[in-house]
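One chain is shown next in structure tokens, namely the form predicted alone.
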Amino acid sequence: MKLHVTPQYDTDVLIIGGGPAGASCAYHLATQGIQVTILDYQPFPRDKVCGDFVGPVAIRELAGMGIDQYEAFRKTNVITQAALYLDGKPMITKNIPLVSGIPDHGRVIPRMELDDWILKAAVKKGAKLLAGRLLDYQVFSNGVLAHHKKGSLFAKMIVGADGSSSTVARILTGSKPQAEDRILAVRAYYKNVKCMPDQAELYFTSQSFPGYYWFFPTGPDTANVGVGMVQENFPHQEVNLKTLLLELIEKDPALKAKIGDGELEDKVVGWPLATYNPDHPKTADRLVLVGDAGGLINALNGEGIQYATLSGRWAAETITECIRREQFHEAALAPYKKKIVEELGFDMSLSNTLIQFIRNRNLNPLWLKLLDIIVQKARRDDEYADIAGGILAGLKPANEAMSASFIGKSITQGVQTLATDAFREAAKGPGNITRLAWGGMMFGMQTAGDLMQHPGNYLSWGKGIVSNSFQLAGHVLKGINNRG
């Protein structure tokens, strides 16, 4: 006769990390009556270095948790439009695209407030919050044993929601995120600045490329100001982002006008972000990674809060079904991974492909010219602007940029812009044409010379483009087959 001993669980689901991804997951699990424990080493409310912009999709997710009813939430700064600057010059200002079922605005909410609201919403639904730092964990056939500094917990499942430097993910994969999957960023808060409170601003210049800097108003005269850049690029250049941010504030005429006599409220602080890698595991037996821990950050725009709240809810939906069926192997968790690929795969692959191209800083003049061409078309074509802006803001699927219409308009605009530039230079006299031709020839010679001197860099760059392009092509073909 065999005795069946039921394990004594401390909780059904143990979530490591109480940020937006972990707390969102906890909220949705708790609403289903599932026992949830959140383990976080920091006391809340706590700050988290971030750009603080909460986009329309994330606003919708917060509303689903009732957070939009908080009085403090309603007092946060509303963003209805975005402006883009190139080399200190204003290029375009557009309202946030209107998409059915999604708010027509974003908000700038300091993480000190945002994370605390989501966490409290989860606790109110029944989630338990425990202070402690995860040391390690072991996955067994009947559960997960997690050790922290104050003891241990035995759960049916573990959810890694502990950020870009996730301990859960590192133990799972045996390594930290690779340099090519990293973005580095710094931010600072300024007061007494001059701004349009409802307008978020993005700035591009060769000095910060591949990357951008931002000015996100937190109120009528306060703002979150920062800069982010891809970590792995070439030619390699040691960049101190804190110093770069202060230099940009001083040298960029548009940003300098915004800051004016504004005062730095605190020190400039920085953080690394782990961006999307399709080969990075999102699930394992009795384990799920959400938000930054799963690399769910868009490499092109650095957006993470939107994907944190979405992945938290998606994971909760899959885990709820796993608990109902008492099945926790990786195959049972496949619906979560499938949801990520279906909803985010194309967008992330397109972003990764574009980022791989612009890692080559020798071609910065070309990349910035392409950006200028897109902006010029968006100025005159609202439909085009809605697609480009919607993709950048995470409101529209990236496959809309692969349509024949969008590509055709981009090519046509490119030809028109280059022809106009050539005519304008020709009108200045034969000498100017010669200088223009000489400059183009020198650019080509410099690029060829760098290729000869550093073939390894270009080989690695080319391999990355091919690899990401194959990933993107797979999503394109899948989309075609689905439509067929």
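This structure is a prediction, so every number in the text was calculated from the model and none was measured. Numbering starts at 1 and follows the sequence shown.
As for the form predicted together with a small molecule, it is not shown, yet the points below apply to it.
Among the residues Asn95, Thr222, Thr167, Gln207, the one placing a heavy atom within 4.5 Å of the small molecule in the predicted bound form is Thr167.
Scanning Lys339, Lys258, Arg182, Arg111 against the small molecule in the predicted bound form with a 4.5 Å heavy atom cut-off leaves one residue, Arg111. Not displayed here, the small molecule is approached by Asp115 to within 4.5 Å at the level of heavy atoms in the predicted bound form. At the 4.5 Å threshold, heavy atoms of Cys25 stay clear of the small molecule in the predicted bound form, well away from it. In the predicted bound form, the small molecule lies within 4.5 Å of some heavy atom of Asp52. Remark: Lys48 counts among the residues lining the small molecule in the predicted bound form, judged by a heavy atom distance of 4.5 Å or less. Not one of Ala82, Phe215 and Asp252 comes within 4.5 Å of the small molecule in the predicted bound form, counting any heavy atom. Proximity to the small molecule in the predicted bound form, taken as heavy atoms within 4.5 Å, picks out 285-293 from the listed stretches 285-293, 191-199, 322-330, 85-93.
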